[in-house]
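What follows is a single chain, given as structure tokens, in the form predicted alone.
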Amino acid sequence: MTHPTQAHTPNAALPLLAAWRGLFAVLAATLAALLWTNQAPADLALWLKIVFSLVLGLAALLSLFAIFHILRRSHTGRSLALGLDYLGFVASFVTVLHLGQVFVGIDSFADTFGRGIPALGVVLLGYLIDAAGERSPFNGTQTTLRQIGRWVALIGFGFFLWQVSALQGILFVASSLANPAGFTALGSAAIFGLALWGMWRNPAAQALNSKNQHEAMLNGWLFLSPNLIGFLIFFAGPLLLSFYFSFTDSDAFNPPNWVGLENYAKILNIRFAGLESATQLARDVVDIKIYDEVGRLTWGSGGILFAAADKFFWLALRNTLTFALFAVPLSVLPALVLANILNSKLPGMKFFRAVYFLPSIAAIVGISLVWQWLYNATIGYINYFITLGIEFWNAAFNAGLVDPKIQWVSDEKTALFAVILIAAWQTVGFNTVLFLAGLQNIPGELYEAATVDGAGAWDKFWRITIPMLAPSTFYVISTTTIQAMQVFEQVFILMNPAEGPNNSTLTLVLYLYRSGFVNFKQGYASAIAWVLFIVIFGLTLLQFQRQRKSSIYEA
């Protein structure tokens, strides 16, 4: 659709649309002001008042800005008007669905949907008859078959609506909207829809000098809008809300109170104290009403005591860093070796690629339950094979080894290592595929030239493969580290209780879950989440800096 770029096409509705923008700005500003008066609902939380006020205030300013550009016949005014009216229509329409209890009615529709399946078969039959008529070689039967098919489909669809009790559902929605709030939502949706339609039409587009690239941009934003709105509502919104909650004492039951940095202060309130002897009690060097002992480092006749106001956070941080320290190498190094093996031209490599990748797509719940059975100290296969190996070694060499009967998940010395093995086993396959993709992008001419120069297999691997895999290696290490720092599912399912013996498998995400959804300290849990974000961001930034300073890939 091409619009003139210079001529100003008159549009009688343009002043009306500009006036609507002014009315919209006044209404938005008025609603924002009413939120801080006695007219606002008494149970409206402070954070909701702040969010609604900011949104309404920004909408009012943008609407005034749109008026300025509409009067100047600028396409910017059309874009702003369309965006504001579209968001207003979506908000009004969702409100209509909520007030009409449509979301609740979906459950009832699901219960009756089975009765309407035969009717959908009739609809399908009508479609097939219509398609057969369209492809019929006989001109006389084409129109007849298509008419029959459409009537059959229409009758089938009507029968479907009757079977699923659609009329009762429509009447229920209408009765739910028969109140002032419902009428207001319906009216708002209608007004926003009319304004949207008026500004989208060709006369308004021509009057505001819309060009082909402008139309393409608007169509692109329109198709992206469902994902963008979902991102703002279900990701960016909760993210910012959790940041606000981290400065409150929110407990999910009462209105949150602003406490400032109190949550962060408790997390970071630590104390190092000198010990005169390795067995000196913590109460002799710190105030145990505030601090709990986290650990101690001793040497000779003295040492250092590490205490914290929240020892569980620091225990969780220690376990999480230990987990990442071991799980990342065990997930990356074997993947690199496997990728080089699977990159060979030997027969059957495609089968093994699929086999190694299967654990990555398997359900974590099922995997953890299987490993829980394998780790069983009495009937588990891991201990069974260890026993067989020790018995064979003792019989063959009279070594006198003793079967350790390892308590994999009930011993604090091995519990975290058991989780590390599961995570590494599950992640190796995915990392192998990533390394394999990187290997297949390395030009074969480099290896051929190295062979001509007399380089061996190790030299080619160290001087060609490793440098050329630097981008893939960086990506694999970064994503694996982030995933390891967020470990939760394996621990939660495998261990009973999830914290493990003596909190040996308590991780940061598990502690966050326990604080927010078991102890209902959502404000404190939000602070833990943001501290975890800072830790992960710091580790990732460190890897970025090392990658940037490294000259291996550039060389």
Partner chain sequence: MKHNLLWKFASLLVVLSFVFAACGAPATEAPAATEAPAATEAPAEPAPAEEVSLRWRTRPDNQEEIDVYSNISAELDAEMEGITLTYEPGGTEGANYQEQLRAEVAAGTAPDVFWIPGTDVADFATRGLILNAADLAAATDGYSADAFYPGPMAHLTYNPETAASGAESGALWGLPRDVSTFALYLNLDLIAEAGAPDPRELAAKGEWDWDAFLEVAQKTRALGSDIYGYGASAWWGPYGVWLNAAGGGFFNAERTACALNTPESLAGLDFQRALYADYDVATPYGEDPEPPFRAGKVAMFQNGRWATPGVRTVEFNWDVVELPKGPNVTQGNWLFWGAYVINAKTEHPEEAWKLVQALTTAQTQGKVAALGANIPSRQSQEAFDAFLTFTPPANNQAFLNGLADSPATEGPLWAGSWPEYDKIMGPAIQAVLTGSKSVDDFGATICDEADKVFVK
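What we label the rigid core is the largest C-alpha set whose atoms superpose within 1.5 Å from one form to the other. Positions refer to the first chain, counted from 1. Bear in mind that the values here come from a model prediction, so they are computed numbers and not experimental data.
Keep in mind that the form predicted together with the partner chain is missing from the display, and what follows is about it.
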Revision key, fill the gap. Exactly one of L87, L128, A470, L297 comes within 4.5 Å of the partner chain in the predicted complex through a heavy atom, and that residue is L128
Exercise for review: Using heavy atoms only and a 4.5 Å cut-off, determine which of G169, G198, G182, G83 is in contact with the partner chain in the predicted complex.
Suggested key: G169
Check your understanding: Of the listed stretches (282 to 290, 268 to 276, 69 to 77, 185 to 193), which one has a non-hydrogen atom within 4.5 Å of the partner chain in the predicted complex?
Key -> 282 to 290
Review point. Quick one: is G114 in contact with the partner chain in the predicted complex, heavy atoms, 4.5 Å cut-off?
Key: yes
Check your understanding: W373 near the partner chain in the predicted complex, any heavy atom under 4.5 Å?
Key -> yes
Check your understanding: Contact between N398 and the partner chain in the predicted complex at 4.5 Å, heavy atoms?
Key -> no
Point to revise | the partner chain contact at S165 in the predicted complex, heavy atom, 4.5 Å | key: yes
Review point. Taking the partner chain in the predicted complex, which residues along 244 to 273 bring a heavy atom to within 4.5 Å of it?
Key: A252, F253
**Study point:** Rigid core superposition, T387 Cα moves 2 angstroms or more between the shown form and the other one
**Key:** no
Review point. Hey, does Y244 budge by 2 Å or more at the Cα between the shown form and the other one once the core is superposed?
Key: no
Check your understanding: After a core superposition, would you say L330 shifts its C-alpha by at least 2 Å between the shown form and the other one?
Key -> no
